[in-house]
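A lone chain, given as structure tokens: the form predicted alone.
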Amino acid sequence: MGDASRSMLARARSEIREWRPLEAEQQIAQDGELVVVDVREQHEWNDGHLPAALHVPRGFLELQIEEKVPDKTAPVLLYCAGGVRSLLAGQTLQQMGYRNVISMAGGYGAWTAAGLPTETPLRLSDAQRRRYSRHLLVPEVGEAGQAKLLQARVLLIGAGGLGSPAAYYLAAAGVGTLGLIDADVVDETNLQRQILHNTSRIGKPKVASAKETLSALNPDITVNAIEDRLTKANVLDLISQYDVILDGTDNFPTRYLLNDASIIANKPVVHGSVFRFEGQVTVFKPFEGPCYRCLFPAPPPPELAPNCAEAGVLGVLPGTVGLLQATEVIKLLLGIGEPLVGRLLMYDALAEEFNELRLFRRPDCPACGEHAHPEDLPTYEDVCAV
């Protein structure tokens, strides 16, 4: 190292605070505001990184850091392989207006030498890079996001009108494990809208038909076909195995049952419903927004809430609503955008019009309110139209 380089590093050390790995680990655990940024190259990141880190390569720091870390008052811990690039990156952040920048002395090498925890991201194969190439071009997804999708688990309640388009696109997007629970068999009347199935599969269990279709579309994923109904006996065990639940049911008892179990298990539910020419989509995220019982404290009389078999539905409508549900699922899995938490999106196919209602938690809601008891609530099986 020449004199100029030594002088540059000495100046950086005089301007940027440094933490040794053990101190950094302690601060990460204690300071919820601390942002950890890995400034190494992609191949270095792929070999392993700190569990809490964001990845912003040094060469893209000026272009990407303000998007990844918009709050310039937040403490930012930078690290590289050995502690040099992070010092220089710290100077750059200070020049950009960041007020509380720290570099990790010794970098990732010292962190691993100290036996501290690391994560190794899923590496995409060449075939996966080709299949998901359009995702990789989207900054909000990229390779890290696609790896998240491949490791994600989504349970779809129902393999019918809503479950069909949603499962199709989640499979195509590379969501690694899809669970489908449905006890019905394919009927000729389903084929007008339930696009996972076809004429040759009439009489076959819907989940078996769905698995055949989805596996042919994307052999990269796992499809768990669960030929059963969602009941009090199995609901908690089932949803505990998945990250996000997609509600494609068409009856009130199952919706109430799923709502209460999802609150107990702290699992987000992407809800959809259709009726003739109208559809609705929202996200029930426990403890962040309202739940299903906030909207419907009690079900309407059966004559006011017929299902598709009784009231009919435009065949393409579940496609529109199911795709919106799939979009919300992917947003939740990637942690991007603004999910429909506390917002009910309503679609009128005849007017080709979307409207939105704001939803609020009810303090007295028996499932999610101040004195909630979701473990022991009625699901109205005896009064609802099923």
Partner chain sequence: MATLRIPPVLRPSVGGAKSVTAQGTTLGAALDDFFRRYSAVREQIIAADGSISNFVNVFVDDQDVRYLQGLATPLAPDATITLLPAMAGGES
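Residue numbers count along the first chain shown, from 1. Small disclaimer: the values here were computed from a predicted structure and weren't measured.
Below, we refer to the form predicted together with the partner chain, which is not included among the displayed structures.
For residue 357, a non-hydrogen atom is located within 4.5 Å of the partner chain in the predicted bound form, even though that partner is not displayed. The closest non-hydrogen atom of residue 85 lies beyond 4.5 Å of the partner chain in the predicted bound form. At least one heavy atom of residue 162 is located within 4.5 Å of the partner chain in the predicted bound form. Contact annotation for residue 150: none of its heavy atoms lies within 4.5 Å of the partner chain in the predicted bound form. The stretch among 132-140, 250-258, 108-116, 232-240 whose residues place heavy atoms within 4.5 Å of the partner chain in the predicted bound form is 250-258.
For the residues 213, 280, 128, 146, the 4.5 Å heavy atom test against the partner chain in the predicted bound form is passed only by 280. The partner is absent here, but in the predicted bound form a heavy atom of 295, alone among 195, 295, 221, 225, sits within 4.5 Å of the partner chain. Remark: none of the three candidate residues (8, 16 and 94) comes within 4.5 Å of the partner chain in the predicted bound form, counting heavy atoms only. Along 319-344, a single residue, 344, places a heavy atom within 4.5 Å of the partner chain in the predicted bound form.
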